[in-house]
Structure formats: C-alpha cells, structure tokens
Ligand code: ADP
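A single chain, nothing else alongside it, follows as structure tokens in the form predicted on its own.
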C-alpha cells in the first residue's frame, strides 16, 4: 500500500476545520493506505511553549486524534520527538537546503512580518523539518491544505537533490493527496478566511455547549438581504457553509429559502447552527475527556505507534547513511 503521512502541531485544541477538513478523511484512509499520523511537538518549539504546556499540548492532541476516530490498530500514531531519526535526517537535509530558497517561502515571510522579535532559525528551517517528517517514512502521499503546498514542494526538491547528489534513489517525491469532492474547507466565524488555531475564529472539539452557543451567536453577519435573491456577503455565506457541513438538507433548504425571500432572521439561523454543531461535537468532547484520563491506553497507543514509526525511520536512515557514506569507526566487541 502507498504510504500516507500527516501531522498536527501540539498547540491548542482541534477545531471543526481540523475535523471536517482533515480528520474525517484520515479515518477513511486508514483502510486503504499505510498511514502515519503524528503530533508535531518539535514544530511547536518555534513559539517557545512552557514545558508544562508543551507536554499537555501533546496529550491533548493525542486524545483528540483518538476521540475523532483515528485507530491505533490501523495507523501508526506517534509523537514526533519520540522518533530521533527525524531530527537526524533534519540535520542532513539542512546541509543541502539553501538560505535563499528558505527565506523565499511564504510561511517564513509571514512569520517574520507577524513576529519580528522571534525570527529564530527554527522558523527558517521549518520546511526542512517538515520534509524530514515526510521523507523519513518515504511517504508517497501527504494531505495538505493550500497553505502547506509550498512546504511540500520543498520536500520534493530536497528528495530530488539528495538522490541526485548521492546518486541513489532513496526518496520518492511525495505528492499532495487530493480528497476531490470529499475536500471540505471550513470557514471561521469572523466573517472571512478559514477556521484556524491562530486566527481565534474557531469552534473547538473540546468546547462545551455554552461556549459553542456563545461563539456562534457572536459570528459576523450583515444587515440582511434587501431584495429577493440578493447575493450573500462573505460572512453570511460562511454561516451557510457551516450549516451545510453540520445540518441536514431540510434545515439548509429552510434557511436558504428564508434568505432568498428576505424573511431570514440571523438569530434563528445562528441558534440552529449552534444546536447542530453541538450534536456533532459534544459526543466527541465526551470521548476526549474519557481518553485524556486513561493514561494506560495513551501509553499503549504511543508505544505501538512509536515502534512502527521507528522501524520505518530506521530502515530509511540505513539507506541514507549508506548513500552519504557514513560508516562507524567504533568496533563492536565481536570484531
């Protein structure tokens, strides 16, 4: 089976965008592909989290992965820092990545603009670490959003460059996984853009009912349609997009009709949207709380996933070291 790899940074909670835009598709992929799903704790270090928050963030994402439906019997679910071969490959790939090309990545330029006081080397080489995540398992397919496509191109570039430099076909060139008609883009509640952790515009899988209702009722709208068939503003279109994701067809049709005949009341729309989001997420929240407390289960999941990930990573590094020319000068006892 082809190898699929994906990871999420261990910062904050997973939101509706993560769940409907990615996780539900990952669940389907587990039966068709050899899947590696990891928690990207090393990537989160660029923002210098407190050690207590760092550990809690890893545990949170792990519990939310499992509560959402990722199956440790079907996929390798692991923590990035538990696989030291990733950082070993990261070092080697840094030797063939060039400063100029990394400075031109959109993500780096955005981070420099947003946080000029924290332009650390980890931000510059972030795409190289991401390439190491992918190439260490010689992944064929990587589910990524538009904002990550440039990073995937860096991974392809480094794979080609390594293979050419060392005259060895070690790495396949990873391709973006396209979910086609199953791809769902989940908008935020702030009237524009996608739902995201750093944007503060999301509904999280761990939110309680009161929080969900409060967030949705505060969602940005407009003054309402002024004549039948008026085009929707972006903020209102976002609410209808969310409604189509979490509600049944009859509900969507009802509010679409009331918008088109100018009888819509946005308060009623928001109340229904909040109700339907709660129906979807509150059972997941209950599972998250249960799993988060189950230390034995979490340890079992991570142990199994780490063993699978390290077996794959060690096989890759054996080929990498052979290509580069590494050979230990230390003699074993039986030599």
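By rigid core we mean the largest C-alpha set that fits within 1.5 Å across both forms. Bear in mind that the values here come from a model prediction, so they are computed numbers and not experimental data. Numbering follows the first chain given and starts at 1.
The next section is about a form of this same protein that is not shown, the form predicted together with ligand ADP.
None of 161, 214, 185, 244 but one reaches within 4.5 angstroms of ligand ADP in the predicted bound form through a heavy atom, and that residue is 185. Though ligand ADP is absent from this view, in the predicted bound form it lies within 4.5 Å of a heavy atom of just one residue from 144, 97, 205, 124, which is 144. Heavy atoms within 4.5 Å of ligand ADP in the predicted bound form map, among the stretches 67-75, 188-196, 205-213, 161-169, onto 188-196 alone. When ligand ADP is considered in the predicted bound form, residue 320 lies well away from it, no heavy atom lying within 4.5 Å. By the criterion of a heavy atom within 4.5 Å, residue 3 is excluded from the residues contacting ligand ADP in the predicted bound form. Interface membership of residue 87, defined by any non-hydrogen atom within 4.5 Å of ligand ADP in the predicted bound form, is ruled out. At a distance threshold of 4.5 angstroms between non-hydrogen atoms, residue 148 is in contact with ligand ADP in the predicted bound form. Residues 7, 8, 9, 11, 15, 17, 18, 21 are the members of 6-21 with a non-hydrogen atom no more than 4.5 angstroms from ligand ADP in the predicted bound form. Once both forms are fitted on their core, the CA shift for residue 32 between this form and the one not shown remains under 2 Å. For residue 320, the Cα coordinates differ by under 2 angstroms between this form and the one not shown after the core has been superposed. Relative to the superposed core, residue 48 undergoes a Cα shift of 2 Å or more between this form and the one not shown.
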